[in-house]
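The chain below stands alone, shown as structure tokens; this is the form predicted alone.
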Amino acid sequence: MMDKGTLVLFGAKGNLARVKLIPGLFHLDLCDKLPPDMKILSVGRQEVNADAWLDEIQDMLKKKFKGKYSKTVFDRFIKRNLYHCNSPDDPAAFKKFAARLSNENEFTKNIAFFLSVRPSDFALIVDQLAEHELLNESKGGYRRVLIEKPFGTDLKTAIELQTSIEKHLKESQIYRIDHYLGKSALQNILITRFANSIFEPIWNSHNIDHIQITNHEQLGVGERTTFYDATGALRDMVQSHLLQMLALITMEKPKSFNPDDIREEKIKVLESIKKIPLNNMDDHVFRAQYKRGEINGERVPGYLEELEKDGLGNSSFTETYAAIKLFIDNERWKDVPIYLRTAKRLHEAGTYISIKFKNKNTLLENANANWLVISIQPIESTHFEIQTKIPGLNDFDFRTVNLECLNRIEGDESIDAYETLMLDLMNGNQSRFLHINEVKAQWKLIDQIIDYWSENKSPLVEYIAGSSDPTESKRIFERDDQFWRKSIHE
């Protein structure tokens, strides 16, 4: 059980807090994961009286849990919750906030701040917390700050944000979130690799042909047109989530599973990714946009049509499909291409890592290669394709069969990624949060692609919503016999 403390939620009236954070904390309480005396102080810009805030929380929980919870736990959770108005119009707002937190009859010295706010407010809030001695650990207790994604929009802004906050915070106090790292299926990657002795001897360039890291969505940009058109698929998914998946699947075995050792190996492998040669960029990167099509029998508009509907014009170079080819400059992964792709409005939704092994079979030349597919969502599974004999008189008739291992089975505990990460924050476990050197390595890699695409104004390839990968993306593959897996079960 964690030490008792206070979790302060900045942005408590925002969508993330209402849909994920507060219901998530209640679910943790249902699972007896929170200490009895833990307090949750929600901070918003609006003035809300205590009873009204508790009524709002009750509405959140009714929507999420449909009344399926114990009244005892509900009453316990409600007693944990307090609200504080930090009005942006009040120059003394943080002074009043600090005075409230200093009440030792109400709050402990252990305080974690969750900044679920606009990225432009991260540094400003940290400055104010520091000015009012709310980040100082010298008087006992911990002070931690969780910063939501994105940490910068490129390498320059990430460094600027880091320079601003490190004036007040040690690295051990900073929790940079990538919510994918809170997913049980991503945590399972390390267990699959290092708890099964069959994999380590073959986890190298002598045996692996290539790796694909995939995120597909059937959804479009929806109501996020303004955000998405300024961000694009590369920044939104590849810079953070997919590169973290790459790090977990390719890192060396850590000395231990403590946070520092895990992050040390992730940093090493991210910093070992080869820079894409500028004169050969089109052989390594690909982008496209979806146009109108059909998803599950429903006609859906194209990306440019969605922009136009929201008054953002009918022209854009923002990619909704991004694919890149990378190489890692170390002995284990020498010359093994690693392909990353993310897309909206594709034929299926899914996130998975596909590893194709080299076909070294000289006796059965027509045998298919073995594939290992680690599925993150919508199902959590490990899928292995092998060759077996077809029963019958012909000794050498064979086929591909699937060995399917479900990582989540009926009765397993279900914890949301944000719930895991909030527990980690309170427990001081940084292994599932990004070190600043990981952030820098990821932006350094992505910036060169963003710069290239910004200068290159060639018309984007279009793909029909509901279709599979654009055939034009074939250009980034090393050989003709390599292309995207269409799904987990191909």
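This is a predicted model, so every value here is computed, not measured. Don't overthink the numbering: it's just position in the shown sequence, from 1.
Below, we turn to the form predicted in complex with a small molecule, even though it does not appear here.
Of the residues given (334, 118, 79, 139), 118 alone sits with a heavy atom within 4.5 Å of the small molecule in the predicted complex.
With the partner omitted from this view, the residue of 46, 49, 454, 458 that lies near the small molecule in the predicted complex is 46 [heavy atom within 4.5 Å]. In the predicted complex, none of the heavy atoms of residue 23 sits within 4.5 Å of a heavy atom of the small molecule. Within 4.5 Å of any heavy atom of the small molecule in the predicted complex lies no heavy atom of residue 476.
Interface residue remark: residue 15 is counted as part of the site for the small molecule in the predicted complex, having a heavy atom within 4.5 Å. Contact check for residue 291: no non-hydrogen atom falls within 4.5 Å of the small molecule in the predicted complex. Of the candidate stretches 460-468, 37-45, 432-440, 64-72, only 37-45 has residues with heavy atoms within 4.5 Å of the small molecule in the predicted complex.
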